[in-house]
Structure formats: C-alpha cells, structure tokens
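Presented below, as structure tokens, is a lone chain in the form predicted on its own.
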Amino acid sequence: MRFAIQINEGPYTHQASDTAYQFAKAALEKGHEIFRVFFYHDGVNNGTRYTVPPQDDRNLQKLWSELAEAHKLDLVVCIAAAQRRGILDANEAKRQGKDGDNIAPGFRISGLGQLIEAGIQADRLIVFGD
C-alpha cells in the first residue's frame, strides 16, 4: 500500500508526531511505501534543525531525518505555516532578507499543492493531529 502522511502537531506539544513516526517506520518495515510526509500547522516544527531536546528525550527531528535518509522519504514542510513559525530554507531566508536558514536535513519547504498531490497519488492519506 502507498501511504501519504500529514502531521499537524509539533513534536513536543502532542503525541501526533511520535505516533506518525512510529506508523511510518512500521509501514516501511512491512514493505509499504510512503509517498510523502507533509508537515502542516504546528507540525512544521518537526522540521527545524535547531531542536535540542534533553539527552534523555527523543529527538523527533533527527528521527525523521534519519528515516528520510534511510528510505528516501519526501518530507515536505508547508511554506506558509513554516514562515509563520520562523522556519526557513536557504532560498526563503534570502528571499525574506533573513541572515540564515534552519530547515533540518531531509526536509524541504513547499506549498499545499504537495499535500494535494500526495492525497491523489497515495492509496491512503493518514492525518495525525487536529
């Protein structure tokens, strides 16, 4: 089965990101495909490279980056939601006149069209969080 995943909650405010990560990992282990993971609303906070959780806590940004690298996942951060929360890639930082970017490895910024395409291309679109 080909899945698309939408994550609407931040990594440390709700269980949604943890659950989505565990679902994606389990689906891949069972031989399913993840077409795209789309981070929306506060879910875009999963994609900042400046996350520094305590040593005894999980680092969801790192876990997503590692999973994306291992399985060639497309991790897309919604551009409008990201800009509102100060998450920028190099191109957006330059375009907005900012002095640096903070997008995590394996993540990219794009628009809602990527979510629409994921819903069309996947057999199932699964949404985690409100």
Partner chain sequence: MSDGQTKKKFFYLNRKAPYGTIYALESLEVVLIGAAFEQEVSLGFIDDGVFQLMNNQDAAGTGMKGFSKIYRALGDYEVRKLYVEKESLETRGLSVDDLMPITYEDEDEDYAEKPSIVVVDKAEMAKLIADQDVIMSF
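On a predicted model such as this, the values are computed, not experimentally measured, just so you know. Numbering follows the first chain given and starts at 1.
A second form of this protein, the form predicted together with the partner chain, is not displayed here; the remarks below concern that form.
**Prompt:** Taking the shortest heavy atom distance, is Arg58 within 4.5 Å of the partner chain in the predicted complex?
**Reply:** Flag for Arg58 set to yes.
**Request:** Decide whether His71 counts as a contact residue for the partner chain in the predicted complex under a heavy atom distance cut-off of 4.5 Å.
**Result:** Heavy-atom contact with the partner chain at 4.5 Å: absent for His71.
**Prompt:** With a 4.5 Å heavy atom cut-off, would you call Arg84 a contact of the partner chain in the predicted complex?
**Reply:** Output for Arg84 is yes: heavy atoms within 4.5 Å of the partner chain.
**Message:** Test of understanding: in the predicted complex, would Ala80 fall inside 4.5 Å of the partner chain by heavy atoms?
**Reply:** Ala80 belongs to the contact set for the partner chain.
**Message:** Could you pull out the residues of 97-126 that have any heavy atom within 4.5 Å of the partner chain in the predicted complex?
**Reply:** Going through 97-126 in order - heavy atoms within 4.5 Å of the partner chain in the predicted complex - the hits are Leu112, Gly113, Leu115, Ile116, Glu117, Gly119, Ile120, Ala122, Leu125.
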